[in-house]
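This document opens with one chain alone, in structure tokens, the form predicted on its own.
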Amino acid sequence: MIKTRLTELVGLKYPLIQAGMGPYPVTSLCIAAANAGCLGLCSTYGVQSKEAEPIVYERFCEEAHASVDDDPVTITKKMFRRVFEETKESQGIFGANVMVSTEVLENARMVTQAIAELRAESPEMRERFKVLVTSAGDPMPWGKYVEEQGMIWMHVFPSVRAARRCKKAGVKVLIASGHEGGMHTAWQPVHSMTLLPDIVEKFSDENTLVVGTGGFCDGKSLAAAFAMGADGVQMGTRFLATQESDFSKLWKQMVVDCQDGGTLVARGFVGPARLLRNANSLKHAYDTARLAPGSYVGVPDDYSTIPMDLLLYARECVAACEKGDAEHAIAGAGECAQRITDLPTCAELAERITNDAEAILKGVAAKYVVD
């Protein structure tokens, strides 16, 4: 059994965080991950996708055990209540992933208000629904909220500069996001092997934990994260490809079928996005190179400088993936997809990864002798 500062702080069996991969519903996945002894995270932005992505919205409501006619606050609360009820037996720990960029601040405020009201309902809700993960924006404005709520605060970021902002804001757990990750990636392509040890060296101390994300999927990569000084890892693509995952059967199978070099980067709705390589994503990448070249040279653009048709094409193809339409599908996934070959349960996955990491760490200690 591997114990780390992350498992001790949050109260986990395993030093693993299941990423809250919004706007897609991950409610069933959150429940399974939490029940397995990992930190389960709900995504929260899908509640705003009613007009733009009705298929995603319908699935989000379905997984929340809510009606499509419910208001956003009601849907959000029903989602968290479902997680709370279905993790009671295991006493699983769960949290929320909330995007806080300027474009989605209204949703972030709605979600955080719903969280505050829910956590006021009972001591057990406060005890188990105790993690807030902010992402895709500036953490600084959220410090007072987290302090008032008494939650464990984590923030996902892609650079040393952003980590410095997190430290200043008072974030407890820094989640360093390498460019290997799926879907939303940073404008500047810094991968985990460079980013994670840099963040550990500069910011890890008695008050601040560091977690790696981007490329982590098995015991080998978890052991590598520990060797670089991390307290645990967050995984998106690997948890996506599990039996309990809310993602469509087609999406999961596309991950399992991914071959060597099977991902690429193209323009997504919130910046560059890593996608599984097929005819549709390749077309989108060529269009990105022509119409939004900043995605490949680290120069941010915005909606005023790129055609919306470029973004709408990607959205329609992702919707096709959700519908099971393989001919028109595009699916997001991280580079580690080429190393994923099965669809285990979350419990099987967590046990396998940590057991393998433990064996690897013991083997390294036995194999290499330092005089």
Ligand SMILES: Cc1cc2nc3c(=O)[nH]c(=O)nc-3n(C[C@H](O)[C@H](O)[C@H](O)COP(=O)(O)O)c2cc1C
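Keep in mind the model is a prediction, meaning the values are calculated, not measured. In case it trips you up, residue 1 is the first one in the sequence shown, and so on.
Heads up, the form predicted together with the named molecule isn't pictured, but that's what we're talking about next.
TODO: Answer for residue 84 alone: is it within 4.5 Å of the named molecule in the predicted bound form, judged on heavy atom distances?
DONE: Residue-level check for residue 84: no, no contact with the named molecule.
Next on the checklist: Taking the named molecule as it sits in the predicted bound form, is residue 313 near enough to touch it, meaning that at least one heavy atom pair lies within 4.5 angstroms?
Outcome noted: No, no contact at 4.5 Å.
Q.
Considering non-hydrogen atoms and a 4.5 Å limit, does the named molecule approach residue 295 in the predicted bound form?
A. It does not: once the named molecule is placed as it appears in the predicted bound form, residue 295 has no heavy atom within 4.5 Å of it.
4.5 angstroms heavy atom contact with the named molecule in the predicted bound form for residue 240 | Yes, residue 240 sits close enough to the named molecule in the predicted bound form that at least one of its heavy atoms falls within 4.5 Å.
Item to complete: Have a look at 147-155, 196-204, 161-169, 95-103 and name the one stretch with heavy atoms inside 4.5 Å of the named molecule in the predicted bound form.
Response: Within 4.5 Å of the partner lies stretch 95-103.
Next item on the list: Please state whether every one of the three residues 187, 264 and 338 places a non-hydrogen atom within 4.5 angstroms of the named molecule in the predicted bound form.
Entry: No: none of 187, 264 and 338 comes within 4.5 Å of the named molecule in the predicted bound form.
The named molecule isn't shown here, but in the predicted bound form which of 234, 288, 76, 281 has a heavy atom within 4.5 Å of it? Answer to the contact question: 234.
- Relative to the named molecule in the predicted bound form, which residues of 106-124 have a heavy atom no more than 4.5 Å away? Stretch hits: zero.
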